[in-house]
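A single chain, nothing else alongside it, follows as structure tokens in the form predicted alone.
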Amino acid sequence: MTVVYHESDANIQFLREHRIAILGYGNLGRSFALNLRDSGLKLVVGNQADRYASLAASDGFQVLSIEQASKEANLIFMLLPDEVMPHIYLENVAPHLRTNDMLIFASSYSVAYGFIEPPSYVDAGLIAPRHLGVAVRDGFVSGLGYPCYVAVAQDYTGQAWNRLLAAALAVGALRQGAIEVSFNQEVELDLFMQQAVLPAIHHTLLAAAEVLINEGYSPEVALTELYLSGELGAILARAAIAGWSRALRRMSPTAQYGILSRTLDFQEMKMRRQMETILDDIRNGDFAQEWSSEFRDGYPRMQQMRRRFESSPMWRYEKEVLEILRGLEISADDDF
């Protein structure tokens, strides 16, 4: 039976005497840090000397090197990118871990695939928001919270769950209820969404745009109808709140009939088999090894794929439409 934790299951007092460090001040690191502070907890930020460190300092946090922050803390949030985390952990974090310390991850990737092995004398837990990092802050400020997974991989102290839920409470992860999963389940679900569901949506939008433009619809009309209007996002956002069936009922009868009557036309066995293959590669570690090789080599394939996409007609159409409709002059490196 699935276990869901709520705010009533947690007591922030389990963290009052802890020295907390946030390692990595990216989108999620910043959101977690601000939420922890607003919950009355003291912390330091560990980050290399870059624009994120400057942002943390301007936000009023004490900013230390990752190694120094690790030395000072006994509860450490590991919020670094998956591909760089193992090396930084080995060099700057692991040598300073003490008995009864706790590591909290927001992605189980490095632990699930064995790139990081927490020592037996510490607790290891997971608070994994199912949302963008900036939305974690927005959900905290608004009081609405956000969907989240939690897990404990190692409970040396016998207090790992108490400490983890206290931390989850402090970052706002229990307001909608946090679902208990295993470390392996979290990474498998996350990668499956990235590699099976989102590519399928991406391919569908590209194919639909090509059909419409080839049939004489202008790029402005085609892309606005497909996703730039925000209607698709609004439908999915409503489905996230009330479920897909209720979101469907909010649409016109014509739309409901069209969706329901044509859904069977897209039930291809090839897509199902492809998704099963992708999940197998995730579970057996093939993707993790592929990504490790890509990182070691300096991301050559990813850069090639980015260039191919950025030189495609679709990217050109999108840039032109956004400039016309919203006056946005964007480049591939823009961060929104």
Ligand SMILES: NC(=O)c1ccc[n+]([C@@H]2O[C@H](COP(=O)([O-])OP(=O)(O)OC[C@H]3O[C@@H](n4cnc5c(N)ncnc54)[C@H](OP(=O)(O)O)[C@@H]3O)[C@@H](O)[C@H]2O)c1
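As the structure is a prediction and not an experimental result, all values here were calculated from the model. In case it trips you up, residue 1 is the first one in the sequence shown, and so on.
Beyond what is shown, the protein has a form predicted together with the named molecule; the following relates to that form.
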| query | finding |
| --- | --- |
| Which of 228 to 236, 125 to 133, 174 to 182, 248 to 256 sits within 4.5 Å of the named molecule in the model of the complex, heavy atom basis | 125 to 133 |
| Among the candidates Ala69, Leu36, Leu28, Ala56, the residue which, in the model of the complex, approaches the named molecule to within 4.5 Å (heavy atoms) | Leu28 |
| The unique member of Val93, Leu79, Leu103, Ile116 whose heavy atoms fall within 4.5 Å of the named molecule in the model of the complex | Leu79 |
| Touches the named molecule in the model of the complex: Gln48 (any heavy atom, 4.5 Å) | yes |
| The named molecule contact at Tyr52 in the model of the complex, heavy atom, 4.5 Å | yes |
| Val211: touches the named molecule in the model of the complex, heavy atom cutoff 4.5 angstroms | no |
| Distance check, Met85 to the named molecule in the model of the complex, heavy atom within 4.5 Å | yes |
